Each structure stands twice: as structure tokens, then as C-alpha cells.
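In the block that follows, a single chain appears as C-alpha cells, in the form predicted alone.
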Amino acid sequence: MLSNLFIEDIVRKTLMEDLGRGFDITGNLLIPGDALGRAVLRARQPGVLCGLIPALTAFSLTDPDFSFEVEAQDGDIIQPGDTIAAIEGPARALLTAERTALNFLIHLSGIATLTMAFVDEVEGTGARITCTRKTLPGLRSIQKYAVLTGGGSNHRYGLDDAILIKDNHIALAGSITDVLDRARSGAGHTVKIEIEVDTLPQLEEVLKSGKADIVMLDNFTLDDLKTAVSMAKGRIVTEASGGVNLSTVRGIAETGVDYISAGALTHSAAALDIGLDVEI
């Protein structure tokens, strides 16, 4: 799980975005300042729960006098009607934090749920599902956490933690051999080098170089993926990308690739329906 300090920073920014000039005009006009309230977070759709800590943090940052009764944890499979948590405290703050809390829950649970669906599709093949950098600005860390919660793996976090040579790098910097020579000579001994290829001849050049740790096989046909895996066997880690969805991922996995990266995990996951019901 991410550091609480990190989560607080993200949640604080989203609350400030919602509060605008610093107050909830509707709640201030309608709810007495000393009123207390109780509400329950409930699942309305089956899926994988994720984002509970950011959600509860939204309430506690809005007012420190909340108490929580937590009945589910991130990673749990939830069903319609399941109680996730009960929240009790100042009524105004309860409604002020409601949308921010739900936004985190429904979005992150949606990512975790979709990830688990991908993971289930490739079960038994040995392939691992991984996300990409196709994330919402400012939310990458928690979106990648949601992928982990759903059973997936994380690709590189950003531009600074691994070398990933794409086709545009090669176009601007030279041949595959040239860029791999340059990358290997400048990379620290703990830094992995991955390179993207579009064709089998490009893969052969990568293998001949011997200076990459991982090869990304981008938009290969299934037949070419099988050939690529055979060529790379024991020499380099293979990753398939491009056109990956729930209807294609099984076939891709059965070619024998080590990893399958799917941007859809974070950029196209549907929100999981979770509601906040006030109890009077």
C-alpha cells in the first residue's frame, strides 16, 4: 500500500479542487453546523474493491471527528449490497467529502476489477498482465496500485526508472544497434533496458546486439509472436503490446510471451458502482 502521507497529498488536492473558495455552499445552507450523520458505503455491482484508504481519508481530512467501521479491505471481491464501511461524524463534512471519496472508490475498484478479468483470462499460460504509463495526470501512483490490487504487475513508473527505447527514439537517434550501444554504455548496472520492435528482422538485430534485457513486441500477429518467442527463448524477456483487450489477450498469452502490457487497464476501465447511503 502507498504511504499515508502520499495518499493524503493526493486526496487533499482533490478536496481543494471540489471546495473551490473553501466551503460547501449547499451543505452550509442546509445542514446545521452541529448535526451528526451516519452513512454506509455499499457495493451496487460485483467487482474487486480498491481505494478504501483514499476514500476514508477524504472524510478524515474534511473533519477529524469521523469514526469508521470497516467491513471490507482492498482486494476483496464485493457483491451488490455488501457493506464496505460505515462512516459516522459531522453531517456537513460527510456530504462535503462524499463525492471525492466515491470518485476514488469507483475509479480504483474499476481498474482492479478490469485487471482481475485480464489476469483470469490468461490463467495457466504463465504470462503476466502489466499496465503502462497511460494514466491520468497526478493519479499514476494510485492507478498502478489498483492494478496490483487486481493481480496485475506494474510496468515502469516513469521516464526515470527504466530505459524504454521506442520507435521514435530509434528514428531520431540511429539504428537499433546504435541506440542499444548508447543505452548500455550509459545505464547504471541496476537499470533495465527494454526496446520496442515491430518486425522479426528488428528482433533479430536486438538479439544479435545482446544489450537489451526486455523486448517489446508491438502489434505482432499471433503467428509472428510465436516465432518471436521461439527466437528469444532464454535470451531475453518478451513483452507483447498493441491491440490487447479481453477478447485477444488469451491468444496472445498462449504464444508464450512473458508479459502482456495493456493501456486499457488504466485508461479504459469502467467505474465500479459503489454508493453512499445515509442512514437516519
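One rule holds for the numbers: they count along the sequence shown, beginning at 1. Since the structure is predicted, the reported quantities are computational estimates derived from the model, not experimental observations.
Below, we turn to the form predicted together with a further copy of the same chain, even though it does not appear here.
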Query raised in the report: Heavy atom within 4.5 Å of a further copy of the same chain in the predicted complex: which of Thr221, Ser67, Asn245, Asn28?
Result: Asn28
Query raised in the report: So which of Gly158, Gly126, Gly210, Pro201 gets a non-hydrogen atom within 4.5 Å of a further copy of the same chain in the predicted complex?
Result: Gly158
Query raised in the report: Can you say which of 201-209, 94-102, 77-85, 112-120 gets within 4.5 Å of a further copy of the same chain in the predicted complex, counting heavy atoms only?
Result: 94-102
Query raised in the report: Would Met231 count as a contact of a further copy of the same chain in the predicted complex, using a 4.5 angstroms cut-off between non-hydrogen atoms?
Result: no
Query raised in the report: According to a 4.5 angstroms non-hydrogen atom cut-off, is Leu139 in contact with a further copy of the same chain in the predicted complex?
Result: yes
Query raised in the report: Would Glu196 count as a contact of a further copy of the same chain in the predicted complex, using a 4.5 angstroms cut-off between non-hydrogen atoms?
Result: no
Query raised in the report: Does a further copy of the same chain get within 4.5 angstroms of any non-hydrogen atom of Ser241 in the predicted complex?
Result: no
Query - Heavy atom within 4.5 Å of a further copy of the same chain in the predicted complex - qualifying residues of 2-28 - result: Leu2, Ser3, Asn4, Leu5, Phe6, Arg12, Thr14, Leu15, Met16, Glu17, Asp18, Leu19, Gly20, Arg21, Gly22, Phe23, Asp24, Ile25, Thr26, Gly27, Asn28
